[in-house]
Every structure is written in structure tokens, then in C-alpha cells.
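Take a look at this single chain, the form predicted alone, given in C-alpha cells.
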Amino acid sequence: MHIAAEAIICAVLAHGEHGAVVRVLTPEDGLQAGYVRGGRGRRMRPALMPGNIVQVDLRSRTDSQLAQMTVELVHSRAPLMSEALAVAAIDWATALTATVLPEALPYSRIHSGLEGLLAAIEAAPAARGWAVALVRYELLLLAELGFGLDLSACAATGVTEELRWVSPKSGGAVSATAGEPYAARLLRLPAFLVEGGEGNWPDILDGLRLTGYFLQRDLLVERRAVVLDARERLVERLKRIG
């Protein structure tokens, strides 16, 4: 196996005394893991940061063997290290991706979505500028992995207007009229997921509650659930500024 591609670093795990197992997301070959010799050394550590864009070369003799990976830094997000909220968002988005995606399967839309989210985190002057993108990225992951929500029409009546809720059971939208008697049991559907555009903080937090519910129910189960700690810390930070 030989893969040469530009990729997003998603996870770095210490391996042995000096090396690291690195998981990267490539546009055409999906999530790939490889051993980086000297990955814990002073020279390589700045390159092996989640969210960085790197050029990777992966080689292995058999499909069952962990590939040897060499890495060349293309774009560093190290300047964001002084911004705790931005770092928390990058850590969560990359950890989520590395946790839920099966390896070696192409997910070009997820690669584009993660690339766009990371660029938004880097460019936005405040969290509100990228928080909507985070909600949309989590929805994209759910959809691409077979757990998409149907937000196009009311699951109860079929109407496409005044969609205000989402059923936690079916993942379908519910209109204001149909959902009002059951509001306490439904999840709020933020307007920006229906109408587009930016969201205010109450809508953003509603969006995170919505995606968080389905991520925990459908994707982050059993051993995968440990990654939710990073999300909880991020959401708590966002609540304090929202």
C-alpha cells in the first residue's frame, strides 16, 4: 500500500519511546493511520497537531500492517494555541472524526466539511462565527454515517413551513402546530438549520443540544462515548459566552 496525499491531522497517540501513531483524514482514501518515527520529538511535535494540514506519505507491505508515515507540514494552526476556545473546538472536531469514521473508506464530503470548519475556526474573530459551522459539521457526520435527520418537512403532517422541533425518536422535523402539545418531549430545531444564515446564541445552543443527542444515541456508544468529555467541555465554554 502506498498513499501520498494532503491530509488533516485528526489524532496523535504516543507509541513507544519516541514515535507516534497518527490518524489523518485524506480527501480520497478517508481516515488513515500510520506510525511516524520520532513523532514525539521536538522537531515533529509542532507538525503533529490536530487540525494541521500536512503532506503525508504512507507505505506498508500488507493491508494488515500499520503503515509507516512521513509527514511534511503544509499549514499550521499553532497560532491558535493561545485561544482556548478555538483549540477546544479543533480538538473536539478532529477527535470526533477520528473516533466515528471507519478507516480507509472515502468520505470526500466529510473531508471538505472538516476543512471548512477548521478554516472557519481559524478565520472567525469570535466563536459565534464558527459555532454554526460546528453544528452543521456534526449533522453532516450523522448523515454520512447513516443517521441523518430529516429536516425537510413535518414528520406528522408533511408541511414544510414553521418547522420548530425534532422528534428524538425518528429524527424528523415537527411543525409548531403539530409539536406544541408534545413540546416537553421534543428537541428544538434552530432556525438556521431550516432557513440558512447565521444563528443567535440561543439557536446555536439548541443546535448543539440537537446534534449532541443524536451523536450520543447513534454514534458515540460504548467505548466511543469517552470522547464526549471533550464535547461537554466545549459546550460549557460556549454557554458561558452565549
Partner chain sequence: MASQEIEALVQALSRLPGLGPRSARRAVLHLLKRREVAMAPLLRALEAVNESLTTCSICGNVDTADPCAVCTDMRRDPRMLCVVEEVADLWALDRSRLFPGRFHVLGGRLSALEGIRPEDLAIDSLIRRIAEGGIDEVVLAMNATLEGQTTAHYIADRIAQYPVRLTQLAHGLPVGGELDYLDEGTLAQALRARRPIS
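Positions refer to the first chain, counted from 1. Since the structure is predicted, the reported quantities are computational estimates derived from the model, not experimental observations.
A second form of this protein, the form predicted in complex with its partner chain, is not displayed here; the remarks below concern that form.
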Exercise. With its partner chain left out of view, which of Ser152, Ser82, Ser112, Ser170 would have a heavy atom within 4.5 Å of it in the predicted complex?
Worked result: Ser82
For this session: Note which of Ile90, Val132, Leu142, Ala127 lies within 4.5 Å of its partner chain in the predicted complex, where distance is taken over heavy atoms; exactly one does.
Result: Ile90
Exercise. For Val227, is any heavy atom within 4.5 Å of its partner chain in the predicted complex, or not?
Worked result: yes
Exercise. Taking 4.5 angstroms as the cut-off for heavy atoms, does Met49 touch its partner chain in the predicted complex?
Worked result: yes
Problem set entry | Close approach of Ala11 to its partner chain in the predicted complex, 4.5 Å, heavy atom | yes
Exercise. Does its partner chain get within 4.5 angstroms of any non-hydrogen atom of Ala120 in the predicted complex?
Worked result: no
For this session: Spell it out for me: taking its partner chain in the predicted complex, does every residue among His75, Thr99 and Arg237 have a heavy atom no farther than 4.5 Å from it?
Result: yes
Problem set entry | Stretch in contact, per heavy atom within 4.5 angstroms of its partner chain in the predicted complex, of 180-188, 49-57, 205-213, 64-72 | 49-57
